[in-house]
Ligand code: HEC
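Form predicted on its own, single chain, as structure tokens, below.
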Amino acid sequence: MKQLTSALLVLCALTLPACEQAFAPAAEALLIAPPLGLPALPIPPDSPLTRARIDLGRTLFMDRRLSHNNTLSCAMCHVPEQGFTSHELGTAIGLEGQSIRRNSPTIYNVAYVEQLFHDGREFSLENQAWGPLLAGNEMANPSIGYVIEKIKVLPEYAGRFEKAFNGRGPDMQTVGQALASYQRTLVSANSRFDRWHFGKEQGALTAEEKAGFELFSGKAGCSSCHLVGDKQALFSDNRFHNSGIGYARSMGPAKKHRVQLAPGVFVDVEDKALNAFEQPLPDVGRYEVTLDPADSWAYRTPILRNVALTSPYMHDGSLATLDDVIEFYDGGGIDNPQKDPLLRPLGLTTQEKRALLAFLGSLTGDNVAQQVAEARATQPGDRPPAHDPASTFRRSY
């Protein structure tokens, strides 16, 4: 027993410094005051925000070399100038032109999202970052270790992880924390709506926009899922709903798809013509996470802030404009066995639809240009590693 106790004491003595180093609080931790209209920023106790971590995460986010063939960055699907999504594509395109089955969601205010991805399969930004890095049809890295070893040999990152993480270099946790730190700063509010509704600035909205908010909260029923509180508004319930779009895409009859051949050049082709190139990817929504049939074709309620900047819409990008979205919900969605009972035909007039559209345009935050400029000012470098990490790796211990 004494030998066992001594061994445990030695083990604790050896591992304690590493644990203290990994989780030591950063002296320069930042406190970000939420803008008007948003609640306090949720920050994990073991992943404090610091300037070094935020800057490092922004560089990683913009770096194309984090994909397997050094061509695709996070910012190429979440384009800063396009609301941190992609206007040109309904569903994203991954490495070497591979199709991705869902739309690139905006990451504005992603810090407030409780369950990430359209189906809610991940629970922290630190872990979520690894999904696209490893997905075979996205950035397609073969392993976690491959990404880490590549970062280690890129000269632009020399010493930056150690500075940001108390001497700790790039690893699975620090890479995730760096990317999460940057994404948590993409907070955007203090919109004209906020200044009117929460700041009591009566002239901040037009009469039509105010009428649109009345519809949003009343006849149109939008606020049943896109919540607005007394002091703040996420414009989301952080829950999952079936509108029928996923059902129709999976279970509906064969139809034609609009395919982009070049910028501004589209053709309509039938399903069977596409099958020779790439089979349609199955998508049952939230069911894939919970295995509960009641969750079939349900997807997370998006935050509507900056919604005028984040087209196209819905989990599959199938609605190109906000006018299309309003028309879809005015019709009550698409009937199916699991359709959310909150959806019903609304009977909106043309004038009411215009007012609702005008209101949605008032939700754009006041710092969008600043967020874009900061992203584009980042220069991650573009020279790939001199040698592939897989061919040069040697264990250092």
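In this text, residue numbers run from 1 along the sequence as written. Bear in mind the structure is a predicted one, so any value in this text is a computation, not a measurement.
Although not depicted, the form predicted in complex with this ligand is the subject of the following passage.
Contact with this ligand in the predicted bound form, defined as any heavy atom within 4.5 Å, is confined among 202-210, 188-196, 121-129, 163-171 to 121-129. Proximity to this ligand in the predicted bound form, defined as a heavy atom within 4.5 Å, singles out one entry of V228, V110, V289, V79, which is V110. No residue of the trio I32, Y157 and A375 has any heavy atom within 4.5 Å of this ligand in the predicted bound form. D340 belongs to the set of residues with a heavy atom inside 4.5 Å of this ligand in the predicted bound form. The closest non-hydrogen atom of I151 lies beyond 4.5 Å of this ligand in the predicted bound form.
This ligand in the predicted bound form comes within 4.5 Å of no heavy atom belonging to G145. In the predicted bound form, this ligand lies within 4.5 Å of some heavy atom of Q183.
Applying a 4.5 Å heavy atom cutoff to this ligand in the predicted bound form picks out F216, A220, G221, C222, S224, C225, H226 from 214-233, in order along the sequence.
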